[in-house]
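There is one chain below, alone, in structure tokens, taken in the form predicted on its own.
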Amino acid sequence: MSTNTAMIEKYRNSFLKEVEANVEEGDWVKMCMQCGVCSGSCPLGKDWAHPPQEIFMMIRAGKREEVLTSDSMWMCTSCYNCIVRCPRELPITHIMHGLAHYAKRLGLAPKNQPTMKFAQLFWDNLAKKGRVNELKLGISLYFMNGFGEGIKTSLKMKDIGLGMLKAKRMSVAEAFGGHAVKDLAGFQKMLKKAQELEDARLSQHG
């Protein structure tokens, strides 16, 4: 093997190893046989810049920046069609979410990506009291792209909101508190411990 070929192979394999070490279920990527069943099964497949099997091919080709800056992973809706239909039973959904999380941690995820914004708003809402405050979450989502857009969205959705209030599916009182889990202190300790374990795992991989 020539020196140039050896260098190319080393480059190509380095990103795959990085994914295997840092991405949830990343060690399954090399098992993809490029059949395309996952992309054909995905309800949003036609809207992906890079469908799953292409993402896996790019990883194996060492296209680190293209993969980690792609918004494709953020398109996954967790319908699990891909996992059910994959001939090799690859945990594709988990890999997609793992790649998205890894890209975000490295600061390489696309800026102002709507799904990423929603995920952070949902987590921040849930982490406060262990339960989702639907009214506060809805308001946060309406205004996540600025005050002007929030007003427009609120006016457009006013009939649905009033309908939810009448049907008691939403309560204004929720905005001033909301229900917490019974053992809020225990819940927060659990989150803290989970974060410590995650930090320790990440430090092991550098």
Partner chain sequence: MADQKIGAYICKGCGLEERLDMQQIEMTATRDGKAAVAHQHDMLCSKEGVEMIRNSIESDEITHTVIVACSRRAKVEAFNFSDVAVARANLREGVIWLRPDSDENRETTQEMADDYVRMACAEAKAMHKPSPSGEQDLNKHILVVGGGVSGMTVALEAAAAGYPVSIVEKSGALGGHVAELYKRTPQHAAPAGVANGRNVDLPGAEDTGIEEMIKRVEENADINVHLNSTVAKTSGAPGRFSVDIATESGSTTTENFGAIVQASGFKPYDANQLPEFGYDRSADVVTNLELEALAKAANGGPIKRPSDGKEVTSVAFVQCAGQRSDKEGHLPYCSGFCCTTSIKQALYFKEQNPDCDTTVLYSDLRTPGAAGEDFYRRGQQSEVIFTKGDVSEVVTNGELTVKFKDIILGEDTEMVADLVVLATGQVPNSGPDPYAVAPSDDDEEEGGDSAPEENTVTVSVESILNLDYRQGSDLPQLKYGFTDSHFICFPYETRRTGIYAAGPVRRPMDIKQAVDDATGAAMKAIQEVHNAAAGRAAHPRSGDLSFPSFRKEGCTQCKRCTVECPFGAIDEDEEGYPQYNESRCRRCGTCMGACPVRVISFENYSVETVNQQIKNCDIPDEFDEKPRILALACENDAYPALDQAAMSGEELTPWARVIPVRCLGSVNLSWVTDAMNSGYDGVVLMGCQKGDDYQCHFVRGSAMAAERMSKVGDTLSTLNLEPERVVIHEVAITDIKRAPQLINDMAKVVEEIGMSPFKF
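Quantities reported herein were computed from a predicted structural model and do not represent experimental measurements. Positions refer to the first chain, counted from 1.
Below, we turn to the form predicted together with the partner chain, even though it does not appear here.
Asker: Spot the stretch among 68-76, 118-126, 88-96, 131-139 with residues whose non-hydrogen atoms come within 4.5 Å of the partner chain in the model of the complex.
Answerer: Going by heavy atoms within 4.5 Å, the stretch is 88-96.
Asker: Considering non-hydrogen atoms and a 4.5 Å limit, which listed residue (K156, H179, R169, K30) is close to the partner chain in the model of the complex?
Answerer: Checked against the cut-off, the match is K30.
Asker: Just checking whether A61 would be counted as a contact of the partner chain in the model of the complex - the rule being heavy atoms within 4.5 angstroms.
Answerer: Yes, A61 is a contact residue.
Asker: When the contact criterion is heavy atoms within 4.5 Å, does E198 count as touching the partner chain in the model of the complex?
Answerer: Answer no; every heavy atom of E198 is more than 4.5 Å from the partner chain in the model of the complex.
Asker: Mark K17 yes when one of its heavy atoms lies within 4.5 Å of a heavy atom of the partner chain in the model of the complex, and no otherwise.
Answerer: Flag for K17 set to yes.
Asker: Does the partner chain come within 4.5 Å of any heavy atom of M57 in the model of the complex?
Answerer: Close contact exists here: in the model of the complex, M57 approaches the partner chain to within 4.5 Å, heavy atoms only.
Asker: Check, residue by residue, if E25, Q34 and Q53 all come within 4.5 Å of the partner chain in the model of the complex, counting heavy atoms only.
Answerer: Yes, all three are in contact.
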